[in-house]
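Just one chain is shown here, as structure tokens, and it is the form predicted on its own.
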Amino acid sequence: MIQEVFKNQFGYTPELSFQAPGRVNLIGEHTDYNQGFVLPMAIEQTTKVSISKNNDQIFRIFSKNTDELVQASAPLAEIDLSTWAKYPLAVIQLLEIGDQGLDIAISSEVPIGAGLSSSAALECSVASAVNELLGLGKTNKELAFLCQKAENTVIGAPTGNMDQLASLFAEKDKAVFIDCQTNDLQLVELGFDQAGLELMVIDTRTSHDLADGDYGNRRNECFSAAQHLGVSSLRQMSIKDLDGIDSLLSEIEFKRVRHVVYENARVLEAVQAINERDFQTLGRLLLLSHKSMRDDFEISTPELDEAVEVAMNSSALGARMTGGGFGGSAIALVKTENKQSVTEAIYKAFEAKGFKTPDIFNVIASAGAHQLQEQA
């Protein structure tokens, strides 16, 4: 337990503990920073944090995963961006807690670099814990935007706020439908279990880093296209608006716009399909989303394409890459009785192609960030 990790490292019992989940995005990729629609769900894999105040004007942050203790003086000035501790430290810096020192122990089950938002799980668990410990009184939405700002301005990863909103607001057995223009949230009952369906994650174990150039390039291409089209964001564009605009854009910009516009429409269709328990349509939308990310947004990889193709050829209802792209994970919606055969087919195909052995596991829509009960 995380409390034991804390006690072993710091020699006393923590004041409180929190956990926040990673997430799988069902559909709606690269639409969040274009003020569009997304449909993520939290997963069972979480990041757990135990925390206490100290009187030493020092932040001591220990990771069970790396068995490493990172220290920084309070109040925070410069942050070392070469260490994993940049995420909790960036959040603490923006919470503006002055010279109050903290002891923090962290343990995470969220795979790193798999497109399952390990960074948001870390940020949201720390932000929630500090907020509760110091009585800062911030709402979950305020924490979500603060964590996004930490990624954008401190760490330099130009992400939207989908991951943090999902990590903080998710509920068991539900997806979080987010309008990224208004930041309105709606919980959508999934019903996978009752329908005899499971959501598989195929972690290709090809890592990605959203702070490097490719993700930012896609964002810039979308913003440039919006500027050329005279709209505040690509959210303003509908499918019928695509006719005739190719003369106003470069070929690359047009492809990026086409993905975002159709992807927003797919998210709305997916919510309707889930509400109607039409999982065949949901599966079709997942596959269309993947093809769009492969061909128009150009963020897939051979491993992700192989995972999706093999899953579809092995009876999956739908499959797509998930997350920012350039590596990471794919998801597949499968009937429970077909799970094993789909899994075996993907392992076999990856081996034949000489790819790394993927990590394949099921995910269940789970609860968002919350405080953990202390040990008795």
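The first residue of the sequence shown is number 1, and the count goes up from there. Since this is a predicted model, take the numbers as computed values, not measurements.
Not pictured, yet referred to below: the form predicted in complex with a small molecule.
Although the partner is absent here, G283 lies well away from the small molecule in the predicted complex, with no heavy atom inside 4.5 Å. Using a 4.5 angstroms limit between non-hydrogen atoms, G113 is distant from the small molecule in the predicted complex. Contact check for Y33: a heavy atom falls within 4.5 Å of the small molecule in the predicted complex. Although the partner is absent here, G318 sits far enough away that none of its heavy atoms falls within 4.5 Å of the small molecule in the predicted complex. Y215 is the sole member of F169, F192, Y215, W84 with a non-hydrogen atom within 4.5 Å of the small molecule in the predicted complex. When you look in the predicted complex, the only residue of S300, T159, S292, T206 with a non-hydrogen atom within 4.5 Å of the small molecule is T159.
The stretch from 338-346, 319-327, 50-58, 303-311 that comes within 4.5 Å of the small molecule in the predicted complex, counting heavy atoms only, is 319-327.
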